[in-house]
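Next up: the same protein chain in two forms, each one alone, written as structure tokens (structure 1, then structure 2).
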Structure 1
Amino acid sequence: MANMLWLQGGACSGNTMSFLNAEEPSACDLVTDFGINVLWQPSLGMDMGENVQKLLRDCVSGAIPLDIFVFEGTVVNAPNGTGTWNRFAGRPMKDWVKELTAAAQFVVALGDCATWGGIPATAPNPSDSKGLQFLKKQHGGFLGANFKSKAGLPVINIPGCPAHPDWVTQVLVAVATGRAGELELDDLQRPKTFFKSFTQTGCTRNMHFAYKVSATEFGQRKGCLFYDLGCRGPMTHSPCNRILWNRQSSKTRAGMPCLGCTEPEFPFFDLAPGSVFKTQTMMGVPKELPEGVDKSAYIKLTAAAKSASPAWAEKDIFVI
């Protein structure tokens, strides 16, 4: 039996809502099949007031072993480093986070806010929000770059706005069943199982990307969303087109551009006017290109692709 405690800082509860929709395994499967004992969770916990305070103190002291600590949302430090803008169970949430992460065998940051700071940490960041071990791409965050949990691992980052529910439950199962050592992490501490490939992997629009056929509006079933509508699929690490949402679809399959929400720079360009849903270009060439592609090669490749594009690439070939 693995004890799991889940707290929420500065967040919208989106990752909790996503988690409750998990299917493989489901949130219930974690308890019935994989032996996870949910000590408390913001939307599931029954205890309130002094009972929650006692539970937290017991986890900090070791009276209740804390195997997995999941944190959703940013660590709010405002005003003036006190953290009193986000109080929980009688004290600033950041104080609980500091003590509980020190007591936990494994620490999981869930969602963009907990991993990198997300939207709340976007300039000018009035809440002085930070992720657990990153602030955007800067290593350190609230806990510091050298933080290791009792099991010897850094914070396990599961980014996304929100994270896919099955990414969450599969990582929790690996930790709870003693297979955390198999979770190879990338340089941003994301499990490579999910974040080694790109969102573009498995995208149904890859043929349009190859022939430089562009979608011009949301919801179109033909055309690539990268060239004009700001899709970040070729530069974003996620399995959104391999592990589909609701087992049915993804943003790009539905005709909406990927916003790159699993990357630490999200939201990109600090949401400056004209930067959302619009590809940023210079002399017709996107300012950001797919990983490993240089500008001169891109110009040659797209020119050849456009001239070789077959007539059917401009047609809606989907029948459903």
Structure 2
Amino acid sequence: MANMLWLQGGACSGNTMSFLNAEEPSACDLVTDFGINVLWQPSLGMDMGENVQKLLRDCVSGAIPLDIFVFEGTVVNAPNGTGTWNRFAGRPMKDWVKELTAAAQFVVALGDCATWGGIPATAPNPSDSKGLQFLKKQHGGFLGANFKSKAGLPVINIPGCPAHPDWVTQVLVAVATGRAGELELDDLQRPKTFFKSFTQTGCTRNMHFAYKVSATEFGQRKGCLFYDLGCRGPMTHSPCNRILWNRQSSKTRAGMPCLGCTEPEFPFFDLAPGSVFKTQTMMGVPKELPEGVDKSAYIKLTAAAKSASPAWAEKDIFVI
């Protein structure tokens, strides 16, 4: 039996919603099949008021062993470092976070807000928000770069806006069943099993990418979304086209560009006007070219790819 406590800081509840939609395994499977005891969770917890405060105090003191602490949302530090803009169970949430992360065997940051600060930490970051162990790309965050939980691991980051339900439940199962050691983390502390490949891996539009046939509008059943609509699939680490959403589809399959939501810089360009759903160009040429390719080589490559493209690349394909 592994005790799990889940709290929510500066967040929209998207990751809780995602978690409740999990299928393989489901949130119920965690309890019935994998021995996870949900001490409290914002949408599932039955206790309120005094009872929650007592539960949290017991977790901090060790009276209740805290195996997994899941945090969703940013750590809010405003105003002036007090954190009182986000109070919970009688005190600033950030004070609970400090004590609970010190008491937990494993700490899981869930969603972009908890991992890197996400949308709330976007400039000018009015709530002075931080992720647990990162602020955007900068290592450190609220807990500091050297933080390790009792089991000796840094914060396990499961980014996404929101994270895919199965990334969450599968990581929780690994931790609860004593297989946390098998979770290899990348430089940004994301489990490699999910975040080693790119959104583009498995995208049904890969041939259009190769032949440089562009989609020009959302939802089109042909064309790659990279050239015009700002798809970040080739630069984003996520398994969105390997582990489909709702077991059905993905953004790019539905004709919607990947926004790069699993990367610390998300939302990119601080949401400056004209930066969303638009490939950034200089004199009509993408600003971010594949490594080692200069402008004139890129143009030659484009001409070659386009002239080699088969006729079907210009026709609608069936995309699920």
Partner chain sequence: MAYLGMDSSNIQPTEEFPEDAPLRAQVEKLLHAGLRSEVEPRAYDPEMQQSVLARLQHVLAEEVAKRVEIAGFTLHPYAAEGIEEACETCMYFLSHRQFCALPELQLPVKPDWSCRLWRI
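Just so we're on the same page, residue numbers count up from 1 along structure 1's sequence. Just so we're on the same page, rigid core means the largest C-alpha set that superposes within 1.5 Å between forms. Predicted, not measured: the structure shown is a model, and the values here were computed from it.
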Report summary line: The form predicted on its own is shown as structure 1
Query raised in the report: Is residue 35 one of the residues whose C-alpha moves 2 Å or more between structure 1 and structure 2 after the core fit?
Result: no
Requested in this report: Determine, after fitting the two forms on their core, whether residue 283 shows a C-alpha shift of 2 Å or more between structure 1 and structure 2.
Outcome: yes
Query - Shift of residue 17 between structure 1 and structure 2 at or above 2 Å (CA, core fit) - result: no
Query raised in the report: With both forms put on the same core, how far apart in Å are the CA positions of residue 299 between structure 1 and structure 2?
Result: 4.0
